[in-house]
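A single chain, nothing else alongside it, follows as structure tokens in the form predicted alone.
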Amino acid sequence: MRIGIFDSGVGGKAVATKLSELLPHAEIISINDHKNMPYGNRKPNEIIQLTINAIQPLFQAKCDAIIIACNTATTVAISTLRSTYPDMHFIGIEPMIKPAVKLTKTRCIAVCATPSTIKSKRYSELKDTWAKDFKIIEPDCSQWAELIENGESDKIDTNSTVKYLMKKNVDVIVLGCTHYHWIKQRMKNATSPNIKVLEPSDAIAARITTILN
């Protein structure tokens, strides 16, 4: 099994590491598009074209499936990718609204994501499908991915963000960008024990195993 992983930047490394643990017999090929980071503040057509250009090495490597380990690229580009390359298995990562809705007791969740993800049609569909009667807080995370990519995650004030969300009665925080994996523990440390922080690594491994089987 040869699995390609694409992310705009370093976020894909976390997904690759997790998949290597869960699928030890798979060959994992991970690529990124660091030079065009960040994707999250770009226009949809630009994101689509950058993604298509960036994943070409994974086709050349004859991958059995390609994981789009980028919430922005998934929500904006994955429909185009599937129609353009119908013979390839594409597995996307999108904000975990459905699991969050199942877990929340306060009926109030937070989604930390890039501006392009928040504005995307797919994100709107996820909210309409799974969270119509729930309150969703979307804090400003517009600089997070770039700071993490540049090794400056310490400049992200996770404590203030979490305090703000707790005041809003949030009890589930969705990390809607794979870059944010690198600050997940800091987010968890800043919350109370009853608040859950979600990111999708385990779900991806289960999904890819099902598809390739």
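Note that residue numbering follows the sequence shown and begins at 1. Being a predicted model, the structure only gives us computed values, none of them experimental.
A second form of this protein, the form predicted in complex with a small molecule, is not displayed here; the remarks below concern that form.
Only one listed stretch (81 to 89, 68 to 76, 97 to 105, 129 to 137) carries heavy atoms within 4.5 Å of the small molecule in the model of the complex, and that stretch is 68 to 76.
Of the heavy atoms in A145, some are within 4.5 Å of the small molecule in the model of the complex. The closest heavy atom approach of C177 to the small molecule in the model of the complex falls within 4.5 Å.
Within this chain, L58 is remote from the site of the small molecule in the model of the complex, having no heavy atom within 4.5 Å. The small molecule in the model of the complex is approached by M37, whose closest heavy atom lies within 4.5 angstroms of it.
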